[in-house]
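Shown below, as structure tokens, is a lone chain in the form predicted on its own; questions about how it binds or moves come after it.
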Amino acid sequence: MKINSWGVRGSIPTSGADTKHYGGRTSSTLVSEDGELLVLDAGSGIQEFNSINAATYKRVDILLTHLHMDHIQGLGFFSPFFVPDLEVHIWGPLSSRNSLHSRISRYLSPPLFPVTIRELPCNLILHEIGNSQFEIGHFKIQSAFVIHPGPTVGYRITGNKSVFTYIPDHEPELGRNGIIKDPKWISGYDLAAGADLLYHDGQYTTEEYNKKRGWGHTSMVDTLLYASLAKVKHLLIAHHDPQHTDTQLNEMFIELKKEHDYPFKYEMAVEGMEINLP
């Protein structure tokens, strides 16, 4: 299973020399194996898909964790939408208020976007999911609601030999005294447990998190604790704050390594990185 990080920034795209290394594009990740692929989230990083010839595929699947703007702002520029009759599936969290079609249409319509869903020439199919299990090709996928404002899910993707867990926006620290240590009470635990690779929110320092508690994101220290409790093998800390420069992120990670020693590998997600799981 191959993982390509197309966008690892959170909240809003950034640009400039100060964010060149980690990248400024928002959440989007490609998972591919044996000629099949999944696109996770549709932030500005999804522009990278334009280098892939979508016409060579029978279908393309986008798995959305939630519908905040930094995770869907690239939808209108997703090239498979404009391939006539190509089967494009969008999977996203169900809501008790509005359908997935209705919520996506708010963005893919004027005044926010000039092209509406009904004008897309592809064969678009929408799927509403919650605490669900389903298959796409040979991939076995588990989704579950996680703690973040608005309906939000994380994904556990099982390929031929590897497991990849993707939870880019998540705040599991909301217990009275931080993360509850009992697995049955940890948000998203079943998704992350024993994963070969966990891609997880780590937007804040501990000091920043204390001022932004309840905003839906995690401190780097608590991301490490979460990964430890879930016994993952490799952690990517992602959803970097738009205010954090490359220099600041490097300094934060150096301090993290000095103060926290865990038996699993952990590193900062970088736009453009590629990881091949065993």
Partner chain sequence: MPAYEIEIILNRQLADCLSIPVFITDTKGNLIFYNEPAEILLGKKYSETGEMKVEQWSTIYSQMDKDGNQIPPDELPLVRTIRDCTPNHKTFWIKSLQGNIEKISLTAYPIISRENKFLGAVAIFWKAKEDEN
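Residue numbers count along the first chain shown, from 1. Nothing here was measured: the structure is a model prediction, and the numbers come from that model.
From this point on, the text means the form predicted together with the partner chain, which you will not see here.
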Distance check, G92 to the partner chain in the predicted bound form, heavy atom within 4.5 Å: no
Touches the partner chain in the predicted bound form: P114 (any heavy atom, 4.5 Å): no
Close approach of I180 to the partner chain in the predicted bound form, 4.5 Å, heavy atom: yes
Interface membership of W185, the partner chain in the predicted bound form, 4.5 Å heavy atom rule: yes
Options 116-124, 159-167, 186-194, 199-207; stretch whose heavy atom lies within 4.5 Å of the partner chain in the predicted bound form: 186-194
Proximity to the partner chain in the predicted bound form, single hit among Y107, F82, F77, F145 (heavy atom within 4.5 Å): F145
Heavy atom of each of S15, P242 and K257 within 4.5 Å of the partner chain in the predicted bound form: no
